[in-house]
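Listed next as structure tokens is one chain, alone, in the form predicted alone.
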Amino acid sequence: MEDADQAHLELELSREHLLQAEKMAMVGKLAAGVAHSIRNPLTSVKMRLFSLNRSLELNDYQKEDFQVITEEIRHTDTIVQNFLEFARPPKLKMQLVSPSAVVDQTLQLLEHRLKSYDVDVQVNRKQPLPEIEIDPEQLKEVFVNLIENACEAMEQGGSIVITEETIPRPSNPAALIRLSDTGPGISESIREKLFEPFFTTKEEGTGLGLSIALRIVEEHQGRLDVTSKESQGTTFTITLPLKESGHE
């Protein structure tokens, strides 16, 4: 009787997972179709805006309006890109690169954005992490997502500490990158759903950023973990495997 009950329970769970997978596949197809339809006119708007910016002489108020329009288009483009990546994940383009270099590139890219959020970033690094086989552009997307999420969580400003270290284990050495913020933290109920597609606590979010980040890290044979307590900040830890040759 116990075996039969267990088998029935496992069957129900399998059925639920299958239904969920079918729903996600349908949503993915719908998302890809909508994203492609939006992207073409959005690209045209971006090009015309760029052309206008070079040819017009704007006063301070007009420049501010122009900046807002540009930022909103960038936000819309990010949403479209998220839907496309969720529906059709791009293949990794592996290169021999140090993750430390990707961290530096990300911070350079987000320099003005960090200032606008009044967020200070500190990098704790004794020496650059070893070069390993990674897709730097995809990994940069992970860092951008985590840092922007942290900035948005710290509405009154704050700080982010990025700590890098190597774990020289004999069998499976690893590179660790921790991103810790001084934000409000994440409740346990939300933390359990954090990496689920389309789950978001933001009014304008798609809920795809963290699920895409998790997929990218896992495609690198790594792990993405989160630890957080309410009112005590949040830490995301990226663990990437080091090959013996790269580690040496």
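Quick note: we count residues from 1 along the sequence shown, nothing fancier. Whichever C-alpha set is largest while still superposing within 1.5 Å between the two forms counts as the rigid core. Please read all numbers here as calculations on a predicted model, not as lab measurements.
Form predicted in complex with a small molecule: not shown, discussed below.
- Of the listed positions (T106, S100, Q138, N149), a single one reaches within 4.5 angstroms of the small molecule by any non-hydrogen atom in the predicted complex, namely N149.
- This chain lacks the partner; the member of T200, N53, T43, T70 within 4.5 angstroms of the small molecule in the predicted complex by a non-hydrogen atom is T200.
- Proximity of V34 to the small molecule in the predicted complex falls outside the 4.5 Å heavy atom cutoff.
- None of the heavy atoms of G222 is located within 4.5 Å of the small molecule in the predicted complex.
- Contact annotation: L208 falls within 4.5 Å of the small molecule in the predicted complex, judged by heavy atom distances.
- Heavy atoms of T234 reach within 4.5 Å of the small molecule in the predicted complex, making it an interface residue.
- Look at 129 to 137, 115 to 123, 92 to 100, 151 to 159: in the predicted complex, residues with non-hydrogen atoms within 4.5 angstroms of the small molecule sit in 151 to 159.
- For H75, the Cα coordinates differ by 2 angstroms or more between the shown form and the other one after the core has been superposed.
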